[in-house]
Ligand code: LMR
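For reference, the chain that follows is the form predicted alone, supplied as structure tokens.
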């Protein structure tokens, strides 16, 4: 009898405890890189902050390394999701949004930004709302932009990429799903090939492609440098991520919860910028120390030649992006 009474007392308490910790809302945060990258670190911090500040009412589950979706599939899953209690969140590279937004192609324009400070100037300005206009009609809610860094080029060849188009001729380069990136490679003299991020290391190692463009943290974390001979510090464009969530889920969140999650995301964004800045220098130094690929800085004249070679890309996509928008971005950046 005592055992039965004890059981009757324990079961309700256990149920009450389970209910107390059960989340009202779940966010499944999917990304394609390792937890040690700037994006991975920011996603983990965001999850921690949300759990603490909502007292467990919102649980963020982070899925790195394409464990849940790749960047293409996650956007479709997000758009098709009708759940009001479980939301899908992701931070695909800005290039992934071309089929949903022509204006976001602005970020792919070669030599638009001198450095990440220029990027922040644009991202933190009212122009950002014009760049993301219409995404909500596609089932996506744009929340913020996370840094990775400025892109560099790597190559498996007997010389680094410096002179255009001579050093690019006959070379195949992996790019993201960006028509602007494809045009840029062609104007530099090479052949572009679109491949998913998770296939890049194998493609480089097997010679499917000769080179690729990426930020330092991705080159290091995915060990691309181990199957490349040279890395040219071209800083030709920006690699960043647009943090998005399923629009229906986001719209259904109570105002207090949405405000708390937004504040946590803003804090994670500021932390991401610090993580990316540290990786930009730290991961470059690690790559140089490992001595697989030789890092080659470019002169001002060489960079000017690349800028001139890629200038036709701007004219090609001006009408598609919107000439007035491009002019306003240039004005903001003091061009």
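Everything quoted here is computed from the prediction, not taken from an experiment. Positions refer to the first chain, counted from 1.
Keep in mind that the form predicted together with the ligand is not shown, yet the notes after this line are about it.
In the model of the complex, at least one heavy atom of residue 32 sits within 4.5 Å of the ligand.
In the model of the complex, the ligand sits within 4.5 Å of a heavy atom of residue 218. Although the partner is absent here, residue 168 lies well away from the ligand in the model of the complex, with no heavy atom inside 4.5 Å. Taking the partner from elsewhere, residue 173 is found to have every heavy atom lying beyond 4.5 Å of the ligand in the model of the complex. Within 4.5 Å of the ligand in the model of the complex, a heavy atom is found for not a single one of 154, 201 and 228. Only one of 241, 97, 249, 113 comes within 4.5 Å of the ligand in the model of the complex through a heavy atom, and that residue is 241.
Contact with the ligand in the model of the complex, defined as a heavy atom within 4.5 Å, holds for exactly one of 106, 148, 232, 237, namely 148.
Per the 4.5 Å heavy atom criterion, the ligand in the model of the complex is contacted by stretch 210-218, the sole one of 210-218, 74-82, 184-192, 121-129. Along 269-295, a non-hydrogen atom within 4.5 Å of the ligand in the model of the complex is carried by no residue at all.
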